[in-house]
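The form predicted on its own is given below as one chain in structure tokens.
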């Protein structure tokens, strides 16, 4: 067993469904750039951030945390047992952060000016730190992914037509780049972990400027710490979800010998997040809002109960940790809980006092988000089919 291209049938009914959502998303994006952002969204001056920030950016960044948490575990802490899941986790992170940037391009009013933070530094801005960290980390992810591409194509470059004259040059670049990165990759792995910790927490810091707009159940001085610890807590469950879906889809080994020990780490990390979450609520006395019975408090209860407490209790039982269905269910609840947390902070819990209208995404916003998610899944399937990402027996390749 080693990482291999699966070389299985690519065009399946599921892929065609993805293609439909991709086309619908592309049409909505064209409408956004031709008719303006107000043409396809329900955003306003009172609600300038909506679905694209809450899901495409904040949730996307959180769920891509498996890349840096797995790299830290396998390469920095030396737990080489987890090496087989580092490549799919890295691929998920590469795609996740790529589509975070694409989501930002669609969301910001002047998308052609997205490069300006690189030259106009506002060092007092938390958003500046997020922008720079995400930009640098995305390039670090591409560098970390380069050896996978080099492994597949070096010595086998065969460009078509007139481009065939470049075969030797491309092959030389692949070999030299792979050899150099093999010696200095540790730098990028450490840099990736540091950058991730910085912008994961800074996303929480963004909402500290809105004490009168964010509901007290979510507004807290330790919001950056909660964002960081929840990213750590969701990293490994996201790997479990992604690995389980991929191995089930391609009929590969379930890798329970790796995923079961990984869930033990999750118990500790999720426990820290749960302790901080409940402790903050008790210290600040915000538990009194739990009895209001409105949609905001109900959403908080669902987030805490089903997204944190229930999966944490489930993982305490050894029978669950050794069950493929059990750990997938618990991991899915954790992933859903962190996703709901980001949606709650940026959308549900955000209610400007001078705005009487409750925000709900327009169909165009939903189509853009679903289109981006479908595109991410489409590229993931393409990558694992033709690149050595997943662990597979030799007979799978053709």
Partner chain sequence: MKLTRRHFFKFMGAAGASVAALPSSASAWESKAPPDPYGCLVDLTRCVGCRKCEEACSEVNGLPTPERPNCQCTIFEKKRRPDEKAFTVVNRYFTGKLDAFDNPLPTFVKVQCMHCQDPACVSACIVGALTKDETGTVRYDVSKCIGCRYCMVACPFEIPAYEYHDPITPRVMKCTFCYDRISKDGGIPGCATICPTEALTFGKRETLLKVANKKLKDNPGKYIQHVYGEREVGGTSWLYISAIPFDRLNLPVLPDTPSPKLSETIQHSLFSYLWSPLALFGVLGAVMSKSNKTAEKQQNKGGA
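Note that the structure is predicted; figures quoted are calculated from it, not measured. Residue numbers count along the first chain shown, from 1.
There is also a form predicted together with its partner chain; it is not shown, and the following applies to it.
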| query | finding |
| --- | --- |
| Touches its partner chain in the predicted bound form: residue 43 (any heavy atom, 4.5 Å) | yes |
| Its partner chain contact at residue 32 in the predicted bound form, heavy atom, 4.5 Å | yes |
| Residue 117, heavy atom within 4.5 angstroms of its partner chain in the predicted bound form | yes |
| Contact test in the predicted bound form: residue 336 vs its partner chain, heavy atoms, 4.5 Å | no |
| Triple contact flag 260, 264 and 340 to its partner chain in the predicted bound form, non-hydrogen atom at 4.5 angstroms | no |
| Proximity to its partner chain in the predicted bound form (heavy atom, within 4.5 Å), stretch among 276 to 284, 164 to 172, 74 to 82, 89 to 97 | 74 to 82 |
| Its partner chain: the contacting residue among 191, 101, 290, 252 in the predicted bound form [heavy atom, 4.5 Å] | 191 |
| Of 316, 305, 176, 187, the one that lies within 4.5 Å of its partner chain in the predicted bound form (heavy atoms) | 187 |
| Partner contacts for 186 to 210, taking its partner chain in the predicted bound form and a 4.5 Å heavy atom cut-off | 186, 187, 189, 190, 191, 193, 194, 197, 198, 202, 205, 206, 207, 208, 209, 210 |
